[in-house]
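Shown next as structure tokens: one chain only, the form predicted alone.
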Amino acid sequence: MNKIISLIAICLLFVTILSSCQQEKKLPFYGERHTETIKDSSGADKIDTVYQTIPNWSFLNQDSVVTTNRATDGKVYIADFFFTSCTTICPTMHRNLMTVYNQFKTNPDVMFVSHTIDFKYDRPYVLKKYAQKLGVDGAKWQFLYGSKDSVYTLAEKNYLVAVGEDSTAKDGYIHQGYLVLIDKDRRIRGAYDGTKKDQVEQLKKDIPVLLAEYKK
């Protein structure tokens, strides 16, 4: 009897430890980082790590409305780079992203931001038609248009996603199909290949983990 009780106690301890580990799981940080000395609440010096963040931005959305980073402030969001006439990875990428959108579209703490890299053709009205065809309506998912320099710099320097014009490419542009997960403090917490279902499924699992960090 004592052995059975001991076994049950061990099992309960294991479950408790496992549950604690799962609750404390945190996603990694991506990009550059540096340390700086700050004062804690007692006035003592302490070393703090500062991570790369997404800077302020301002673009036109699919409704021709000037949209800035304030739209995503205080939210977890998924960003990507695409163009509406893309016939290679974009259709698969956004079809997969739609499954993420449908899962979290009622969660007010989650948003979606898609930047077009086709500054010549993808004007707001084109983005609007694209969004409607995709089945997206409302402010939950922003499709954004901006100048070549502003979008390309944001992609490569800040989101760490390669984009560019390429006359030898099938559709005239090249870009990576990453879905980039950004936390409420504008830090990169994950990058997932939007063309691969297993990575998109991992994104779905990681979003609640990231949201949980802000509930403590």
Partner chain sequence: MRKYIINSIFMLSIMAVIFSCQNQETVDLQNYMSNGKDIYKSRCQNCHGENGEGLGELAPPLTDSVFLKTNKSRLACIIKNGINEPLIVHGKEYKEKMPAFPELADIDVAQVMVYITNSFGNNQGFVPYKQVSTQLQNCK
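Positions refer to the first chain, counted from 1. What you see is a predicted model; the values in this text were computed from it and never measured.
Omitted here: the form predicted together with the partner chain. The next part is about that form.
The listed set 83, 101, 130, 145 contains one residue whose heavy atoms approach the partner chain in the predicted bound form to within 4.5 Å, identified as 130. Comment: the partner chain is not present in this chain, but in the predicted bound form one of 123, 95, 105, 75 has a heavy atom within 4.5 Å of it, namely 95. None of the heavy atoms of residue 117 is located within 4.5 Å of the partner chain in the predicted bound form. Contact check for residue 197: a heavy atom falls within 4.5 Å of the partner chain in the predicted bound form. Contact check for residue 110: every heavy atom lies farther than 4.5 Å from the partner chain in the predicted bound form. Proximity of residue 26 to the partner chain in the predicted bound form: non-hydrogen atoms within 4.5 Å are absent; the residue sits far from the partner. Counting a residue when any of its non-hydrogen atoms is within 4.5 Å of the partner chain in the predicted bound form, the hits in 85 to 99 run 87, 88, 91, 92, 95.
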